[in-house]
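We begin with a single chain expressed as structure tokens, specifically the form predicted alone.
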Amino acid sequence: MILYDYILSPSCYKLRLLASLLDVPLELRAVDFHPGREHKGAALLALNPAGCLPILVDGDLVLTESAAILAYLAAQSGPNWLADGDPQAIALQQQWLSFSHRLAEALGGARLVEMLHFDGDLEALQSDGIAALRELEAALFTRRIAGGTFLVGDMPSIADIACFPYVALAPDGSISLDPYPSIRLWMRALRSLPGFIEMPGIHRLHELAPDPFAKDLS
């Protein structure tokens, strides 16, 4: 499987993250998203006429929506990451996948304005992002009171992976996560999963996970 990838994209990162958690090999094709705008070039527009990333190619199959790619990876290699068979869990997972688009538009949009100087109303994006974070905090608090850690069920799912990067990178859009203790605990739980990988701005729990590049000095 080939993933057309931009290292700073949370939408691409979530796919790299799930693939790592599931031990699924991906062939990464780096795309010069900024400043080169390679994703708007003829070659990539032929794969995704929407002119955006990510793009996953697996044989003759081309997928261009991150939620669909998450579901595809999980269905192939980690069905326990899908809410399979339980109508309530299926509906909740789909609801959080839709919610992740709101996070992408608001938190991701604020980050693009702040970091890459894209056009946009920063204050409006930050306001929408804070509203979404408050909604997520309330849901995770309710889950925590009931003894749960993740968004759906007793295990992490593609719903958590879909939402996580935009939330973790909110400070890049000048939105603090300090007011959201349930969100910070949820992020800690995800960052402690075996196979967790980093991206610029999102780090693993160094006190829990060994440095994969450290030399054995014993």
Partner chain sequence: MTPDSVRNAWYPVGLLSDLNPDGKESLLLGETITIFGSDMGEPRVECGGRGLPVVPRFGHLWTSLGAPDKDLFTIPEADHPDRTLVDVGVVRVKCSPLRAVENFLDIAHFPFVHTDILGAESHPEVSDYQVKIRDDVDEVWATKVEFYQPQAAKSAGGGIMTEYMYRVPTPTCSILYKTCPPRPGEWDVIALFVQPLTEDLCDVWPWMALFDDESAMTDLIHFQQLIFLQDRSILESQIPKRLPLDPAMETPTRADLTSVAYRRWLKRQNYTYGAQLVAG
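Note that the coordinates shown come from a computational prediction; the quantities given were computed from them, not determined experimentally. Residue numbers count along the first chain shown, from 1.
There is another form of the same protein, the form predicted in complex with the partner chain; it is not shown, and what comes next is about it.
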field: Heavy atom contact within 4.5 Å of the partner chain in the model of the complex, the stretch among 142-150, 93-101, 113-121, 80-88
entry: 113-121
- request: Can you work out whether the partner chain is within 4.5 angstroms of a heavy atom in all three of 137, 181 and 188 in the model of the complex?
  value: no
message: residue 59 versus the partner chain, in the model of the complex: is there a non-hydrogen atom within 4.5 Å?
response: no
query: Is residue 200 a contact residue for the partner chain in the model of the complex, using a 4.5 Å heavy atom cut-off?
result: yes
task: Although the partner chain is absent from this view, report whether residue 1 comes within 4.5 Å of it in the model of the complex, heavy atoms only.
output: no
- prompt: Does residue 172 reach the partner chain in the model of the complex if we count a contact as any heavy atom within 4.5 Å?
  reply: yes
Stretch 3-20: residues contacting the partner chain in the model of the complex, 4.5 Å heavy atom cut-off: 5, 6, 7, 8
